[in-house]
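Read the single chain below, which is given as structure tokens and is the form predicted alone.
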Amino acid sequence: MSSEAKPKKRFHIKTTLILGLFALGIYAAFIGPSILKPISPVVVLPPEETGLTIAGFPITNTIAATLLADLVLIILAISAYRFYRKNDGAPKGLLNAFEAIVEFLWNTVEGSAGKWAKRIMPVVATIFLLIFTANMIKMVPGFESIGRLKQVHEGTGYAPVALLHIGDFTLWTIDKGQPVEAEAHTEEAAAATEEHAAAPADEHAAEGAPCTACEVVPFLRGTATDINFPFALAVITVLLTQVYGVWAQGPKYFEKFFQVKQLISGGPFGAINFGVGLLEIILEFAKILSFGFRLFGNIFAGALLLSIIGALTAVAVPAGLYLFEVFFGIIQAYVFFLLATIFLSGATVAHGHEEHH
């Protein structure tokens, strides 16, 4: 008589951990204290100061995020350099992914620029890696959520709540369950300070709090959500397009903008070609707008979508959107890189598709 052995039930720690995190998220967002509930984002286009300065220059939250992305790239580049200097084998882990990305970028540039690939590659690869790293870093928890409290001068803020005291240092947060109208509070304080101090509404004004109607100014904010970043890259790319054009063709490069020979000897069609050349100048400026607004609009919209959906749902749905945002950040970095490669490689080819030797 044979008996089948029953399979033993295994304790799936990953499943248990995921379910536990789901339960914790549901408790924090819908059941627990109001200080744990997600807060609707404050939509701000300009970068905000973090309170830090370097040689008197104020550091905004987008500059801080850019410096962090630069630091990550520098560390990764130094690590790759040291590895290839000491080893001949294949890299592993993060360096392996880095090598695959660089190889993919090189194949793309070589196929477009030909013999100019070695000169164009450092520029466009740097642009791609900077945008890609900045887009990935902003997915780290704490971006656009951890910062300093700031007084709201118009609209609705939230009451400050002390979380932790360490000596003279106090860690503050804001409570979504205690909204405070900034305008009403200001008028009340201006009308009668003493009365306001004794009023029940003053329960929002915690002792030593940095503000009464507060909002959070994050220490770190997605780099590309600052319009200065994509437009700075756009201006640099368009200027380098002219530099590479002159480098490859010499003064003849400017003939595509000012077709004087066509105007003199080309008859009516020569005049048309001359006008087309002037339109090329306008197109160079249009490239800046195309570059800048495409990257800024898509990244800013993605960050705003994550904030709004995170405040409304809080559990499960934001995780799926994060995966979508990762994919979208890669695509935006690649599109910027690909357009920069096409423009730079196109500038090295003589007008009329005849290569200049």
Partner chain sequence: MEFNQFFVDGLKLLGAGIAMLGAIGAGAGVGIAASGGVQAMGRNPDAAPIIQTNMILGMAFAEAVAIYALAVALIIIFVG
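Keep in mind the model is a prediction, meaning the values are calculated, not measured. Numbering follows the first chain given and starts at 1.
The form predicted in complex with its partner chain is left out here; the points below concern that form.
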In the predicted complex, the one of A316, L45, L312, L52 near its partner chain [non-hydrogen atom within 4.5 angstroms]:
L45
Taking a heavy atom within 4.5 Å as contact, would all three of Q249, F254 and F274 count as contacting its partner chain in the predicted complex?
no
Please pick out the stretch from 211 to 219, 158 to 166, 141 to 149, 283 to 291 that is in contact with its partner chain in the predicted complex, where contact means heavy atoms within 4.5 Å.
283 to 291
According to a 4.5 angstroms non-hydrogen atom cut-off, is A23 in contact with its partner chain in the predicted complex?
no
Contact between G32 and its partner chain in the predicted complex at 4.5 Å, heavy atoms?
no
Although the partner isn't part of this model, could you tell me whether I342 comes within 4.5 Å of its partner chain in the predicted complex, counting any heavy atom of the residue?
yes
I'd like to know whether V349 contacts its partner chain in the predicted complex, with contact meaning heavy atoms within 4.5 angstroms.
no
Those residues of 292 to 318 which, in the predicted complex, come within 4.5 Å of its partner chain by heavy atom:
F293, R294, F296, G297, N298
